[in-house]
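The chain below stands alone, shown as structure tokens; this is the form predicted on its own.
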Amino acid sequence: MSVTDPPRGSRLDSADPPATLVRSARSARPLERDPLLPIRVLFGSAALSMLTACGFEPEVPARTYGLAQETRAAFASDSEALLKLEAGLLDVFGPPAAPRYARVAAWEDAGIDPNRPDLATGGGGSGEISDAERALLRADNRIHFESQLAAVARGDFDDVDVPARRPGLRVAWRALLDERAAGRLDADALRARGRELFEGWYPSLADSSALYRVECLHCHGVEGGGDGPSAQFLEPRPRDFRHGVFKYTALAQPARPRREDLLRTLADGLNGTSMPSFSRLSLAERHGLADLVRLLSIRGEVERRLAATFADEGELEDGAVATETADVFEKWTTAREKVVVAATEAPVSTPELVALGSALFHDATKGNCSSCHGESGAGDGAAAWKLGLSGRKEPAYLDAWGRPILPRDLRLGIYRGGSRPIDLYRRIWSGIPGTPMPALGSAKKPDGTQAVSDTEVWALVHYVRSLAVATPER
């Protein structure tokens, strides 16, 4: 890295709005308040406004994808192979400002195009979004584009305002206006085409990348590595998507998340973390962010796989990026097959069921939950801690991202993966990917039979929920 290179995680492209920079500044100072910050922002905004009015726009380095340190270490002895990997990743996934999937051979043969999940397989897309979901998208678009659709219906075409965060939609609308100006569309045709444009809008990956830059990059970073400019000030740290591991899904592990899992996280946020709800965005925008997160995750996992292969074999075959991409993508599309469905309906909580759950929670041969979560559920179980080299107690485990594992204090009632009974059922049944939290649903007795029954899992659910009733001691 040269002295002129921007620090890792700070690569922003040329249109970062002042509001985003202000928000990042606030995130960077969580423990103290700069008394001069309002003045700095005021004068900075005034200076930017004057420069913009004079036709000057500040130049900011364009975003570029980088490789993980582990990847560079694996290819340290062969710079040519490293360049080959970088070129292959760029060819298959594109650059940050214009991400897209190259049509690998396996997709061509199957008529699949992951760039358009809203279109049917063989009809220009991957068929991941059903007719019912498309109807919901259209209904939501009618709400979010209400003013634009009203202007189109009135024939006030020059009054149609398309927000800058939807660059592809802006281009498409301007193209329709150009057709009208050229005499190829009359007013009625423009109304019909305009209505369909706004009602049927689904963001391209480039559209979603522009939105990701504003809403997500400052925490999750350019490559989705959880290393954005604000990440170092947050605890827990933002998720690194590149591992292909997502903690909170409705699936048995190991599995990549479904679209529904990503959409739920975007809509609800993650309680107890810095991940907010993005329900203020349109449904189409949230789908688009889910699409981009998947691309970043697939790109990162392909990179990690090929780095591991090169470290073992010392060779990077031609077309390896495309081959690995098709394989990882298939794991995402088959995720629905691993949804955890309870064998029985959630029973009503009773004192007897809570008592059973308590017994299981503290039984080392059954749930064994107290070994990590502690006798009272305070997250202070003996198994979760060890004596470090410094002679001090420290977390005994690291997660898949190399961060210390701190067992949840269940008394707080903060459940990051959701607080519904079925959410807790799934956490207990299938564990939490990337962490030591075990999957009780797949645990077996020595004779091969299931160690914990469905009823017992529900008992644990109700006992865990009961722990949050009492206020924890401070």
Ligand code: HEC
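Sequential numbering from 1, following the sequence displayed. Just so it is clear, the structure is predicted and the values come from calculations on it, not from any experiment.
What follows is about the form predicted together with the ligand, which we do not show.
Within this chain, residue 278 lines the site of the ligand in the model of the complex, having a heavy atom no more than 4.5 Å away. Among residues of the shown chain, residue 417 is one whose heavy atoms approach the ligand to within 4.5 Å in the model of the complex. When contacts are judged by a 4.5 Å heavy atom cut-off, residue 273 counts as touching the ligand in the model of the complex. Of the heavy atoms in residue 248, some are within 4.5 Å of the ligand in the model of the complex. Picking from 133-141, 208-216, 110-118, 297-305 the stretch near the ligand in the model of the complex, with a 4.5 Å limit on heavy atoms, gives 208-216. Proximity to the ligand in the model of the complex, taken as a non-hydrogen atom within 4.5 angstroms, holds for one residue of 262, 172, 82, 283, which is 262. Of the residues given (241, 329, 202, 75), 241 alone sits with a heavy atom within 4.5 Å of the ligand in the model of the complex.
Annotation: in the model of the complex, residues 102, 255 and 335 none come within 4.5 Å of the ligand through any heavy atom. Contact annotation for 352-367: residues with any non-hydrogen atom within 4.5 angstroms of the ligand in the model of the complex are 361, 367, listed in sequence order.
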